[in-house]
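Okay, so here's just one chain, in structure tokens, the form predicted alone.
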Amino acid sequence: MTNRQAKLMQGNEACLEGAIAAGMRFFAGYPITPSTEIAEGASERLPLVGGKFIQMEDEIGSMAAVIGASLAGLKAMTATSGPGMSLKLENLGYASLTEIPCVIVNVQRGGPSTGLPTSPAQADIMQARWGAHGDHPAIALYPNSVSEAYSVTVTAFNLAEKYRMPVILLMDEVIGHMRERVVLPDENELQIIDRTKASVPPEEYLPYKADPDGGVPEMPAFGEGYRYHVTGLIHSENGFPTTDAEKTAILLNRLMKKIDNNLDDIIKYQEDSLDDAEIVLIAYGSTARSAKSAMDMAREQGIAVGLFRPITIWPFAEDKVKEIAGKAKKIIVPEMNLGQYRYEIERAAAGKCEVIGINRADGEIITPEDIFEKIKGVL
């Protein structure tokens, strides 16, 4: 017996509710359009469930506070957009190297700089992968509905905890601000993953000891009797800095293998009418909704069009894109930027089929008609 009830929810609201259901009990942030509703909601909701909300002085401090809260044992999140995300990147790199689980929500707006604060964009795709300097792993997820804003946020926390790393949840202004009817699951229906606590006494604990083939270290909370050093410098198993080349290679390779060895667990996507598709649309977020309508329009006219929608943006679904490129005659990639994801698709397609972009960076959405016209134009 469940107590499910239908609700009219905004995407940002659903994201917050998903985070709380996943166990998020700390939020630090700074108001910025179009993500502000997440912070506003967190300030009201977290005290009711025993959590803490803090408005920091800026986005740099927000990310630092989230890292500290996670080290103290709380599931922690921040939310931002555009220039705020840029400010978080140094500390996001720190969280990657020190293996601190946390979730960073980026409700994208037009850029660069302060850009178009109230307009939609999908221009932070490459930033989500390569924004922090150096070689580092990355997980970035992208819902396309209010309902998915809830469920994918839960997934983001699960992946962050399971693999001990920051996870970026990308939305665009359309998804963040749209309202839809949703039926949220009961919390007892959700799979919730928590970080692995230490299995050895404090005197035997090494904070970064793990199988070098992609193992995830155990993570007790500060205050539980385990004292250990956390540094943004390259470190050995004991947490203290090292310049030893062999230890450096072991650490960095292990960080990457955490992802590379678990792609089947991390990569999620949706396929629609791909079996006979001669033209395949690859789209994500709100643009995927336009792509679905355009596909339906094309099918009504007898044009064999399919849709591939990545939910996991990073790591990139390379094997699946290669498979699509080997069967389709053309791939069309609509996105609200000047071609960021298309370039990755072209790389994976490796000339097997033509890859065509539909790109807007003017603050306007890509409509079903825009995509349908392009479909007809490439026949």
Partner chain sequence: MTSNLVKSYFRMDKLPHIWCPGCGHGIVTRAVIKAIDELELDKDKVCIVSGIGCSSRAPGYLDFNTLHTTHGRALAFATGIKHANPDLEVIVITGDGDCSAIGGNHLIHAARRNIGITAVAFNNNIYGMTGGQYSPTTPTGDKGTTAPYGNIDKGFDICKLAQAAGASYTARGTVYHAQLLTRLIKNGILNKGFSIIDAVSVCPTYYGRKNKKGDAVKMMEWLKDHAVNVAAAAKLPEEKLAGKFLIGELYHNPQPEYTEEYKKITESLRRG
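Residue numbers count along the first chain shown, from 1. All values derive from a computational prediction rather than experimental measurement.
Form predicted together with its partner chain: not shown, discussed below.
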Do heavy atoms from each of Val107, Ala123 and Ile358 fall within 4.5 Å of its partner chain in the predicted bound form? no
Given that the partner is absent here, state which listed stretch (281 to 289, 140 to 148, 229 to 237, 171 to 179) has heavy atoms within 4.5 Å of its partner chain in the predicted bound form. 229 to 237
So in the predicted bound form, does Phe26 come within 4.5 Å of its partner chain, heavy atom to heavy atom? yes
Are any of the heavy atoms in Leu74 no more than 4.5 Å from a heavy atom of its partner chain in the predicted bound form? yes
In the predicted bound form, Gly68 touching its partner chain (heavy atom, 4.5 Å): yes
Tyr269 versus its partner chain, in the predicted bound form: is there a non-hydrogen atom within 4.5 Å? no
Within 288 to 319, which residues come within 4.5 Å of its partner chain in the predicted bound form, counting heavy atoms only? none
